[in-house]
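Okay, so we've got the same protein chain twice, two forms, each given alone as structure tokens, structure 1 and structure 2.
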Structure 1
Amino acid sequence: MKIENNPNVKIKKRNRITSREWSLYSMCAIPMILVFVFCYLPMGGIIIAFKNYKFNKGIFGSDWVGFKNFEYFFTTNDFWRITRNTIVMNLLFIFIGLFCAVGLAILLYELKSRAATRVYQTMLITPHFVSMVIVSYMLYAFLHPQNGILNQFLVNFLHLEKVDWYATPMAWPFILVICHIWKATGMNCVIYYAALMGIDQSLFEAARIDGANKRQIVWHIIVPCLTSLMTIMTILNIGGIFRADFGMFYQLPRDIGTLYPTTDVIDTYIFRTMRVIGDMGMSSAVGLLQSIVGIIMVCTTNSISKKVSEISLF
């Protein structure tokens, strides 16, 4: 009897990597190397967070101070203010941005013209690639205390007095949210639009036969189909809730001290501390703290989502 025909004999087959798999591995090689070099190798610098780092002594020669860098950050007078601004603004960005991105994706999906869809997609994505420095000058043209477009509109059309926007801290949470929506929603909208393209068309046909209107189709078909993606995107965004877009919070308010009560966040505060004091240890400690809080938030949000809706990232 041949061995191949005997069911009791197990033949070990040698797994070989095909040429197609080698090409796929080679395509992944460069991104993996970049991630290793720029994300994993710098992790050795975490030790700076526990040292009184001096440039002349180097990383290993600097004095060990334990958790004093963390204590300095927690005991500073501005800790609660910058933490509140960072968390509150990120929550506004996450949930308002989610609503706007899904709404725009649904509107794009309802377009019948492919050419119009491409045009609108291009228009929505373009702000994502605009530098925050350029956005800050565009915003300054709108909000200039004397000759700004918005102030000219208030005076000439609404017959109101000019507003010095760069001396009005309470207006800036709204301004920053609008700028974030304008800049980031387009890219997220395309992601949700791609998910909409994968929905089975028979669901829409069955709903129309049953007499469902547009609102019912959106609420009972489109939104449930996007729930998984919306949950995953939200979990990933919550992971960065303790971080802020430095370019946005530094460039748009133009680092004006009057606006610090509502625009000063952890990243801008650390930058100013580094610029004035040059304390590398404290900045490294805060960066490590931000990463730890991000991991905890991702795991916590993922666990809650898994228990509530059985949708999770891992």
Structure 2
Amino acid sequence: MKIENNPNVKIKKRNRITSREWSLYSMCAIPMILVFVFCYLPMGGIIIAFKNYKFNKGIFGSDWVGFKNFEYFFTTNDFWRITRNTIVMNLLFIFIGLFCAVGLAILLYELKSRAATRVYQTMLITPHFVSMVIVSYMLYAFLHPQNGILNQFLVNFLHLEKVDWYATPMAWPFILVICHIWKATGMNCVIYYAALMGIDQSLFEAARIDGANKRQIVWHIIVPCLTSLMTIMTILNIGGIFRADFGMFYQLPRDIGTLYPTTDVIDTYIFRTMRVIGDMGMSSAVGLLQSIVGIIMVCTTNSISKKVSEISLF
């Protein structure tokens, strides 16, 4: 008999916090305070976006200006340039990156030798662990106008003219995509590889008995098994579509003005407006827009994916 449903037995509800719970709460305390100070307090600071912030007056002393910061930002040419660059580059990163990561994971999965897999994986992940500063040095060694590897190749093998890559904005979307793939694919593929390892082996056996070839196995077993993971990762990435990798866009083009038409993104713009120009109000207005659009993007892609494929993040 269930005690809870018996009206004769009254169970005293425990509202008192037990000493065990107190010690668990005490575990949460310091991390939560840190999060409050460094994540939640700055959220309150978004009011700066509506003010003409002056260091000497402080946040509360500065004058309200309403939506002036936003208005000013929208009327500049920068708005279109940085929005376009951010979105286009991120879309390229997301979809080419997804394709490469899944492809690499499937190739790794096809390898029979576990030892070889480990070695390849280690080598392919390594680029993930170097900082963008180092990457910018490497890139510089490739693209150096006089001594760079790429120009040597152009001149010696293809008998073309040298190209000054640091003055050719149109080349940079390609360069950055290649750098992104080089740096991130090894790491991203780990997740897909792990998911592949979790696939029930009997599926493959059954397919082989039914006479399926390699391509059919990939298309009809492997890809469907990865779909939900791919969707979730893509939703997460699209949520961040308004957030550019500041390190990459600041370090690799080396903050060269000539390259701004294709390499200036929201994050570098926010940084420049704040540190170089010193316009706190506008910089934080752009930051606020970025956050809001980010949330809208996550919710939208999530609900679309929920409707279409019943896969969702929340």
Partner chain sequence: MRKKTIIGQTVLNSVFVLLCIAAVAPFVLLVSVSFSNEKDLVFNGYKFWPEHFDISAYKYIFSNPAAIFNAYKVTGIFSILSMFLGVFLMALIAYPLGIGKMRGKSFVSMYLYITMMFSGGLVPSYILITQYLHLDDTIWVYIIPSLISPWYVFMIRTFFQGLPYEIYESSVIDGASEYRIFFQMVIPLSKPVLATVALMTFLSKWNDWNTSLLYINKSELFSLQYLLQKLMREIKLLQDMQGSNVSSLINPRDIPTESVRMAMAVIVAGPALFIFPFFQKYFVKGLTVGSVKG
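Take the two forms, find the largest set of C-alpha atoms that superpose within 1.5 Å, and that set is the rigid core. Residue 1 is the first residue of structure 1, and the numbers go on in sequence order from there. Because the structure is predicted, anything quoted here is derived from the model rather than measured.
Each of the two structures shows the same chain on its own, and it is structure 1 that derives from the form predicted on its own. Once both forms are fitted on their rigid core, the CA atom of Gly278 lies less than 2 Å apart between structures 1 and 2. After superposition on the rigid core, displacement of the C-alpha of Leu24 between structures 1 and 2 amounts to 2 Å or more. Once the core is aligned between structures 1 and 2, the alpha carbon position of Leu41 differs by 3.1 Å; this is the C-alpha shift at that site.
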